[in-house]
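Just one chain is shown here, as structure tokens, and it is the form predicted alone.
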Amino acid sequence: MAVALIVAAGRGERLGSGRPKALVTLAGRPMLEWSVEALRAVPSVSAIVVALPIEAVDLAPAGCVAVAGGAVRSQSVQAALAAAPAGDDPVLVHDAARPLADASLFAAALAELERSGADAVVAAAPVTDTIKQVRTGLEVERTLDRSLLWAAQTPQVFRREALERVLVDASDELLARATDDAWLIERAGGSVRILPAPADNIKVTTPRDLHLAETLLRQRAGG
């Protein structure tokens, strides 16, 4: 059985809501609850652990294990994994800021980890813009081959032993640099696979994103 960790400790300053991002209302309910509902629909997910800001731990959805998140993302994953039931493997990590991920995407990520034998599977989208690498001073150094580039998202699914190992071995400085946990696996020499994500697996960061997410949820519901 798998355990799911939801990273929900962001403050959401760019949303301007005055409350933790994961608890901002989206289509009539806290944003976090959309991810929890989808994960509960995946039969192989046996437990859900949510990392929230310390002042919001008591506001976790019923049935979830709640922990206080860390100062940076990977510290929140550390705390959530430490609170997860022992033995459950693999570990699914998801950002509450991607509330449109549905049960089929979570199940596909878990299935791809099993099929591939990789240490991690990352939902991602192919890059469509032309990407410039620049030097200090914004001088273009080179143009990257976008056919080789993917934008990492969540869910990300890991072999538990591999994730525990890189989190334990990482310094606080390294954890602060990790914008996703799959990078820690890559850095340690582990294998990471891409799972193409649907176009609506958006990240809610700004009020415009929140409005788009509400529109997409209404369309999904047929209204």
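Bear in mind the structure is a predicted one, so any value in this text is a computation, not a measurement. Each residue number is its position in the shown sequence, starting from 1.
Note that the form predicted in complex with cytidine-5'-monophosphate (C5P) isn't included here; everything after this is about it.
Trainee: Looking at heavy atoms inside 4.5 Å, which stretch does cytidine-5'-monophosphate (C5P) contact in the predicted complex, given the options 117-125, 145-153, 69-77, 84-92?
Mentor: Correct option: 69-77.
Trainee: Taking cytidine-5'-monophosphate (C5P) as it sits in the predicted complex, is residue 5 in contact with it (heavy atom to heavy atom, 4.5 Å or less)?
Mentor: No, residue 5 sits far enough from cytidine-5'-monophosphate (C5P) in the predicted complex that none of its heavy atoms falls within 4.5 Å.
Trainee: Given that cytidine-5'-monophosphate (C5P) is not shown alongside this chain, does residue 14 nevertheless sit within 4.5 Å of it in the predicted complex, heavy atom to heavy atom?
Mentor: Yes, residue 14 sits close enough to cytidine-5'-monophosphate (C5P) in the predicted complex that at least one of its heavy atoms falls within 4.5 Å.
Trainee: Taking cytidine-5'-monophosphate (C5P) as it sits in the predicted complex, is residue 105 in contact with it (heavy atom to heavy atom, 4.5 Å or less)?
Mentor: So residue 105 does not count as contacting cytidine-5'-monophosphate (C5P).
Trainee: Are any of the heavy atoms in residue 109 no more than 4.5 Å from a heavy atom of cytidine-5'-monophosphate (C5P) in the predicted complex?
Mentor: Judged by the heavy-atom cut-off of 4.5 Å, residue 109 is well away from cytidine-5'-monophosphate (C5P) in the predicted complex.
Trainee: Under the 4.5 Å heavy atom criterion, name the residues of 89-106 that approach cytidine-5'-monophosphate (C5P) in the predicted complex, in sequence order.
Mentor: Residues within 4.5 Å: 95, 96, 97.
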